[in-house]
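Only one chain is shown below, in structure tokens, and it's the form predicted on its own.
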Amino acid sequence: MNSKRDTSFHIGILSAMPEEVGHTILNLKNVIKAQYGDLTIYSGEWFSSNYLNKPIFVTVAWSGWGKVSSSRAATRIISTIYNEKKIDFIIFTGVAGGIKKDLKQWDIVIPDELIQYDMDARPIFERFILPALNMDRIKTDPKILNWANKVVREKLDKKELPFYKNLYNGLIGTGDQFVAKKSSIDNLKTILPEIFAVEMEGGAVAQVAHQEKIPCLIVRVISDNADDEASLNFNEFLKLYQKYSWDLIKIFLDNLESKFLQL
């Protein structure tokens, strides 16, 4: 029996942009590459001292912006087999625009639920309902959410995450638009007063993972306040974030727990 197959995790890491993946690929060993049209998927091994030098298999890609591109990439990653091991868990990470009052750049939002706020199939379905699921919100598994909160808070409390600030849980909205106007924010607050942040991929990836029955975690870092200065702030932030995005990803790879992955 292949002991490597029996004991190793295979984790999918997906972002919209290469800056959000950061230095992840550079930290993997024995990397191989697969090409699907214009989508490149990298698979390799991460060695952590927490796992007695047994590698964690990691598959990484960036999808491009938007729900269609991220759904396509998520499906490809979930279908990836590396060293005879299927994907156990997918993490989508990257930046988002803050909506909730007092959210600042470098705050981390791990959503307890996600909504596709531009989904509207009325009058056949109520607004926001995803017809394939007959639900409007996709909830993060509580065990995964508690685990993610725990490992991130430990690092924040120890001041081991440079630049990163506070950790929040809340509703994240996904839509195929870059929110950069105060009027758009005001509209979102009216229809979804509890919304924390907006982005363009997380809700779609969560839907794919839900339908494929793959455990999933969405992690967002606030890059701007989704207002009239969002475009400028976003571009400036992204250059710096590229240097530190791996620090956040590494936390999850170093602290995997089989109990919530059901392995």
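Just count from 1 along the sequence shown to find any residue number. Bear in mind that the values here come from a model prediction, so they are computed numbers and not experimental data.
The next section is about a form of this same protein that is not shown, the form predicted in complex with S-adenosyl-L-homocysteine.
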- Query: In terms of non-hydrogen atoms within 4.5 angstroms, which of the given stretches 29-37, 210-218, 43-51, 193-201 touches S-adenosyl-L-homocysteine in the predicted bound form?
  - Reply: 193-201
- Query: Looking at Val95, Ile90, Ile108, Leu103, which is the one with a non-hydrogen atom within 4.5 Å of S-adenosyl-L-homocysteine in the predicted bound form?
  - Reply: Val95
- Item | S-adenosyl-L-homocysteine contact in the predicted bound form: Phe178, any heavy atom under 4.5 Å | yes
- Message: With the partner left out here, check for me: in the predicted bound form, does some heavy atom of Ala16 sit within 4.5 Å of S-adenosyl-L-homocysteine?
- Response: yes
- Check whether Ser223 has any heavy atom within 4.5 Å of a heavy atom of S-adenosyl-L-homocysteine in the predicted bound form, and answer yes or no. yes
- Message: Pick out the residues of 56-94 whose heavy atoms come within 4.5 Å of S-adenosyl-L-homocysteine in the predicted bound form.
- Response: Trp65
